[in-house]
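Let's start with one chain on its own, the form predicted on its own, as structure tokens.
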């Protein structure tokens, strides 16, 4: 019998039954907790949309948006959700590309974050239109010189690439569920695409993943760069800055890593994945988070230092509006959450426990939301023309959609965990079977060649 044929008859898995049972617990034995969580999240989501119905009936007048502050929670949440999406595909692709073996239990969770959060974030500009049907104007009257059209194009490309990048490495595990008789069988048979784990199929899979992980990195970087152009291409004080592109990308990766660790810690506890999500995974990610915190402080300091030395009257109005004016509590809260808390907690091994990392990650997510708020509102509240400063107070409708977005994020993870494993089974198998040997070979390639013996 040939190798090809022998692979055709073997099941699409190789881990021992205990490991498979652990990793597929949420799929094969969801229990009552799944139904309770799904019901509660759906009720929250339904309540949010019922409240949003007032905006559909009466327009944007029911929100806190006014003149001159025409952007508020919807755009703030759009930027933060799109930023968090960088936790997934970008981080997963970089870790795969660098052959970081500790990536194996975390890549799928990261990729799910990207797909779910991109869908939520990409929908927020539609909410901001007041009338959702105006979204069709993009296709009938879009202008190529508009950063808004660039943004739509970049997010659409990123969403498509991220979805494919999530699905392709999922195929072997879908075949595993098919072979184990998991329900619904028709779904797993359809999505497995006849996977039998033959050498040819494995080669095609690995090549496709390799191509995608190279492609998604520039796409991910371009997405948040283009989002920064929506602000930087205007002459609004506080926005017209050449540093906004890299600043937004750094902030996106920063908030993405923090969100990823929050999700990992929660799922680790809920699904009892302590055997797979170990302290070393959180230690490595927390070091990345600490580095990104320092980068964030560097960019923030550079932005405000150049604005202060320029001393333009319109820029200084925004500057003091944040530093000592109405938005001072939110500005200094941003500094505490994004710099002081993560640096203090993550710099000391004694504090870098699972609980400490969760506190630091939560602080960063809150701090990055405050940063987006500090970018969007103060500049609009202090226009370049000599008009009085405005102030923005979000309404119940905007708060409801914010809570609805968070509920959608949680619901997306609950539903994914119900039908697919949160940790890649085949990648753990590959790690056990091949990674040790490949790592030893790679280390040997780094070392100097042995000195030839003298004759």
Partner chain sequence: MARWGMTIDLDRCTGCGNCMAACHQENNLAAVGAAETQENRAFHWLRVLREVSGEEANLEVTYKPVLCVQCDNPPCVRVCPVHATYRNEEGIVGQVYSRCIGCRYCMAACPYNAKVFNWYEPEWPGDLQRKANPDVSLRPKGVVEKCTFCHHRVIRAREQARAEEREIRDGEVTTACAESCPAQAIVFGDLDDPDSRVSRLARSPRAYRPHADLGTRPKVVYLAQQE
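Residue numbers count along the first chain shown, from 1. Given the structure is predicted, the values throughout are model-derived calculations rather than measurements.
Heads up, the form predicted together with its partner chain isn't pictured, but that's what we're talking about next.
Within 4.5 Å, heavy atoms only: does residue 141 come near its partner chain in the predicted complex? Flag for residue 141 set to yes.
Notebook entry, point to check: Does its partner chain get within 4.5 angstroms of any non-hydrogen atom of residue 56 in the predicted complex?
Noted result: Because a heavy atom of residue 56 falls inside 4.5 Å of its partner chain in the predicted complex, the answer is yes.
My question is simply whether residue 387 lines the interface with its partner chain in the predicted complex - judged by any non-hydrogen atom within 4.5 Å. Close contact exists here: in the predicted complex, residue 387 approaches its partner chain to within 4.5 Å, heavy atoms only.
| message | How about residue 241 - does it come within 4.5 Å of its partner chain in the predicted complex, if we only consider non-hydrogen atoms? | response | No, residue 241 sits far enough from its partner chain in the predicted complex that none of its heavy atoms falls within 4.5 Å.
By the heavy atom within 4.5 Å rule, which residue out of 122, 356, 383, 172 makes contact with its partner chain in the predicted complex? Looking at the other structure, the residue within range turns out to be 383.
Please tell me which of 188, 321, 71, 159 lies within 4.5 Å of its partner chain in the predicted complex, judged by heavy atoms.
Here the answer is residue option 71.
Is its partner chain in the predicted complex near all of 128, 147 and 391, within 4.5 Å of a heavy atom of each? Each of the three qualifies.
message: Quick check for you: of 330-338, 227-235, 251-259, 296-304, which stretch puts a non-hydrogen atom within 4.5 Å of its partner chain in the predicted complex?
response: It is 227-235 that comes within 4.5 Å of the partner.
Looking at its partner chain in the predicted complex, which residues in 54-84 have at least one heavy atom within 4.5 Å of it? Those in contact are 56, 57, 58, 59, 60, 61, 62, 63, 64, 65, 66, 67, 68, 70, 71.
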